[in-house]
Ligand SMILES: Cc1cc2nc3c(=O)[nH]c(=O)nc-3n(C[C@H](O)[C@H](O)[C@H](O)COP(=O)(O)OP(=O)(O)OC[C@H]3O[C@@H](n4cnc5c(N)ncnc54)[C@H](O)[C@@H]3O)c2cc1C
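Presented below, as structure tokens, is a lone chain in the form predicted on its own.
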């Protein structure tokens, strides 16, 4: 008889999305199994920029400190350097990832967490440990083959790659987190828009001590602008720091129309030395690999009981550092919804909000990453690189910008403007944190969406408008300094109120008891409140009256708010909560009880 394994949620793929899903579901008490066809996790440090939104997920999982111990800190990410080679002429820099003095406060005010650089080879084992230590099951060398769905669950057909045995895994729900070549998404027939394989890039992972060329201008990305840089790839050559300052990754484009590029070790060393600009530096090649630039996202993330996330549904170049971050936040959006449905606390219709909320995010980040590629040609134009591929001719055109005539002045202005434009790749704080959801899992309060007073891509605009991320402010709670976001998370809703909001506490207690859910109420205000608003930042940020209330979802997004105490708080809160839980037909009976 063929073997069958049973679980509540089957997760296909052990990348950032799949492992984060397992860790979160396990924290919420949901049985889950991750299968991965390979024998271990990522073997190259592909993703690395780890933004504050993702760090808040790691904070909720209780592994933020562990993550920071593995990370290169924000200050080491400071400079994005544009140069002819590491040893050659430098054309300009952009202070990045919140390191410019004019931007640092934006990042510090936005979150209790810090943006950092965690290579995927370090992040995935951390997520694996978080998942397994909380009860998640992980099975390597197990290849997903196909699936069948019915009204009660999903049957996945898999193969043990060690024994060759084929067997089935029966689950109530399934997550496809199997990457940009997702077999799950393909078999589901998820509709996609965009194109794959627009150009080709190669990665060369190597060891070399480059301290003398980089330690004085710390960065994770050094952009190499020289003849050949425009061929394929992401728009320029890159020397990327993996670990300061002796582990590196070179990215160089190739002509995809000529087929997949393969390199000998000598060829790889030659390319590395070309980008370093110093062939006396000892280089040890670790590995080479290729990948393609894509511009594609799914317009639906699920079908029936199967949900896809991560690169399976948003495929784009690594510019802006949005890949693994968006993948992990896909998991954060879906996991609490699955948990509530599996526990019988929400109707399955809640799961429809996953696509409604995350598809617009996918379109935004895929578009943003590809737009960043389009921002490179003006730099090439200003340096004269589009006028010729002859190194001597290009060198003369680059040198021309140093003159004193009007043409040189115009060239310098064009170059500086083009490099300054790269803030849209390296400082897009609004793209990283500013998502505002619109779905049935968000209850509008009748107020118009707050206007963006600054560029919406570059700047995060905190607000408690329903559908927005809960703003961060520092509070005193039990004698400890905590963030407002620390009041939520852990798979539960939280109701925030202030002085005069006691009626909300009574309403929440009645509803929580009736529905069998956790719904803590936390008052924020002067000393004597549950959380002391010591700087009065919450007072000015909360957007409601002292006796109003804010319902916060388990993913720390605002589900609903009431400007002040309702005439019947239980009816108002019940109506909102039942809509979010897709149990609107029960609202009247619950509130009348």
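Residue numbers count along the first chain shown, from 1. What you see is a predicted model, and the numbers here were worked out from it, not measured in a lab.
Not pictured, yet referred to below: the form predicted together with the ligand.
I'd like to check something about residue 38: if you look in the predicted bound form, is any of its heavy atoms closer than or equal to 4.5 Å to a heavy atom of the ligand? Within the cut-off, so yes.
In the predicted bound form, does residue 142 have a heavy atom within 4.5 Å of the ligand? Residue 142: contacts the ligand in the predicted bound form.
Proximity of residue 96 to the ligand in the predicted bound form, heavy atoms at 4.5 Å: Close contact is absent here: in the predicted bound form, residue 96 is far from the ligand, nothing within 4.5 Å, heavy atoms only.
Can residue 553 be called a contact residue for the ligand in the predicted bound form at 4.5 Å between heavy atoms? Result no; residue 553 lies far from the ligand in the predicted bound form.
Only one of these stretches, 322 to 330, 391 to 399, 406 to 414, 434 to 442, has heavy atoms within 4.5 Å of the ligand in the predicted bound form; which one is it? Partner-contacting stretch among the options: 322 to 330.
Can you work out which of 477, 461, 84, 240 has a heavy atom no more than 4.5 Å from the ligand in the predicted bound form? Answer to the contact question: 240.
With the ligand left out of view, choose which of 179, 153, 200, 467 has a non-hydrogen atom within 4.5 angstroms of it in the predicted bound form. The residue in contact is 179.
Suppose contact means any heavy atom within 4.5 Å; which members of 43 to 61 contact the ligand in the predicted bound form? Residues within 4.5 Å: 46, 47, 48, 49.
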